[in-house]
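This document opens with one chain alone, in structure tokens, the form predicted alone.
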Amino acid sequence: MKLWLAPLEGVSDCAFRTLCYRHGADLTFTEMIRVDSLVKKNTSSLHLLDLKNTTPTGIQLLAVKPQTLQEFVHVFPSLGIEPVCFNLNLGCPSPDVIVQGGGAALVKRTKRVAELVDILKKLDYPVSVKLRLGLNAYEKEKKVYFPLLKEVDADAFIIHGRHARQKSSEAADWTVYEACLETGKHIVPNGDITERKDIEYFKKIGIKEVMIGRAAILNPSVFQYLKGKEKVSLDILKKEYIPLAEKYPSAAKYKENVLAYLGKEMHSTKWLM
């Protein structure tokens, strides 16, 4: 079973991704980056493209307009970075993003998502989609995500088992995954995966990768734990992380957030991209 680190806002800089990779994560992702800001050469957004070492890293993008994504595809080679893959965000629950037609608002816009995926594939990297089960309980019940799974030619679909109005304190719905697998698409579950028995469950239904989010903030060695080793103490992880944060510096908030969040069971919508 391959284990992926989720895009985590205010957390997933190069230092944190590297720490997770050292402790068993097979693939990591940047936090969500707005394509329109990259095209405008916004400095803070460009800094999120912090692929400073060989940690396997995918870039998660928030894109809504095909024209803007086309512009990004045109300028990307000049950025001089080599991600493992790209991921399109269809899961952000932020009202500011949704009102602009982005994040979870894109789940039912199958043709638009198909167009965005096709544009991004021009860069010749694998392209995945990370989605929720709709904007709300009604959209989840109507399975608005199924047309997208069937019709969009993405290399993988990372499915967060909640709709956009659910809090992280509410249980993710794993019952959706078997039906999603029946589409024949590459399905990667995300949400509430914390124990070895969870991994065994997903193996039994035919899953080959899962994505880990909040559990990695609680203890970044959760990846090796889920692979059969023991977790590392928080004191040791902090001693490991601080030199990484100095070697691969980013905005001060990342170091502050990681050190503040370690070991704490927290429910924050800002991470759940």
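A residue's number is simply how far along the shown sequence it sits, counting from 1. None of these values were measured; they are calculated from a predicted model.
We do not show the form predicted together with a small molecule, though everything after this point is about it.
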Check Met32, Gly191 and Gly213: does every one of them have a heavy atom within 4.5 Å of the small molecule in the predicted complex?
-> yes
Options 148-156, 115-123, 191-199, 98-106; stretch whose heavy atom lies within 4.5 Å of the small molecule in the predicted complex = 191-199
Although the small molecule is absent from this view, report whether Arg162 comes within 4.5 Å of it in the predicted complex, heavy atoms only.
-> yes
Ser128 within 4.5 Å of the small molecule in the predicted complex, heavy atoms = no
Quick one: does Asn89 come within 4.5 Å of the small molecule in the predicted complex, counting heavy atoms only?
-> yes
Quick one: is Thr57 in contact with the small molecule in the predicted complex, heavy atoms, 4.5 Å cut-off?
-> no
